[in-house]
Ligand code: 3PG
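Consider the single chain below, provided in structure tokens and representing the form predicted alone.
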Amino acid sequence: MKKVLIATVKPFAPAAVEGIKEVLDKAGYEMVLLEKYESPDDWKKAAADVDAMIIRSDKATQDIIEAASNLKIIVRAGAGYDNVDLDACNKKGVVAMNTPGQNSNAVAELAFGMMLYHVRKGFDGTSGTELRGKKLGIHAYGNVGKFVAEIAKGFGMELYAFDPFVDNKDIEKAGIKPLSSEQELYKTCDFISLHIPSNEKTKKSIGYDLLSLMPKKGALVNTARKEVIDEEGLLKLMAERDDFAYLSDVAPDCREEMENKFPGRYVFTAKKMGAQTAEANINAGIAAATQIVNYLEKGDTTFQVNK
């Protein structure tokens, strides 16, 4: 019997675990649940003889991958997969996957929640502004970007996008104006909704030069990763421009400095919580289990990220 380990410091919702178990039971697999573990050693021990693993934000390091002697596939239940050591997976012949699209609506809704909170000044009773008629730039028109665009249309915003990996015709079909560069996007838009992945090319790529192009009262909305932000450049810009705001679902390393120097010009959630909805939790968990079964039974590598 094949064994699938769910290793999560931050547990799935009970309904998600039930859904995962149902998928695995139907396939004749055994589910092993490791929640709120205290150390990597607990994870290594639980992973020793499993065929597959499902994780969330847990860091699947080289040590973890090597400790799982029978491991064939690991699935990150979510879109980002920078917490998985892909080199270690490649060396061991382990397939790594994510579950793209399952959390997208949750992330998009959070982006708008932060924008509304910002433009209405934290609902402090004073007069704010509206999103209608403002220009929203979508930096990376993937699964989340598409949901952001759908919601933005309901708010009556003007939509722009930049994504070198998406055909401009597909962007235009969605009623969005494609722009030719990052610089043009940032120069044009009042709000930028950021959705780029974190990798060697994108880390610290969003900094002073780009952000300084934004119009007066511009705001960057980051539901991607904090690593893509050049925090030194961000701090420099915020010191120079008292109209600029930074909204993020994960606090930057310079959070304390921002709180001390720029009150009212930032929004941070308590932790990275773009995917923290019951629906996204269930969808991603069940998708991860389904992908494991499809790979082990049929060799389906549709969502493989370490090709």
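Start at 1 and count along the sequence shown; that's the residue number. Owing to the predicted nature of the structure, the values given are computational and were not obtained by experimental measurement.
Beyond what is shown, the protein has a form predicted in complex with 3-phosphoglyceric acid (3PG); the following relates to that form.
Every residue in the set Ala79, Arg225 and Ala275 has a non-hydrogen atom no more than 4.5 Å from 3-phosphoglyceric acid (3PG) in the predicted complex. Segments offered: 30 to 38, 240 to 248, 49 to 57, 261 to 269. Contacting 3-phosphoglyceric acid (3PG) in the predicted complex at heavy atom distances within 4.5 Å is 49 to 57. With a 4.5 Å cutoff on heavy atoms, Asn103 counts as touching 3-phosphoglyceric acid (3PG) in the predicted complex.
Contact residues in stretch 182 to 215 (any heavy atom within 4.5 Å of 3-phosphoglyceric acid (3PG), taken in the predicted complex) are absent; none meets the cut-off.
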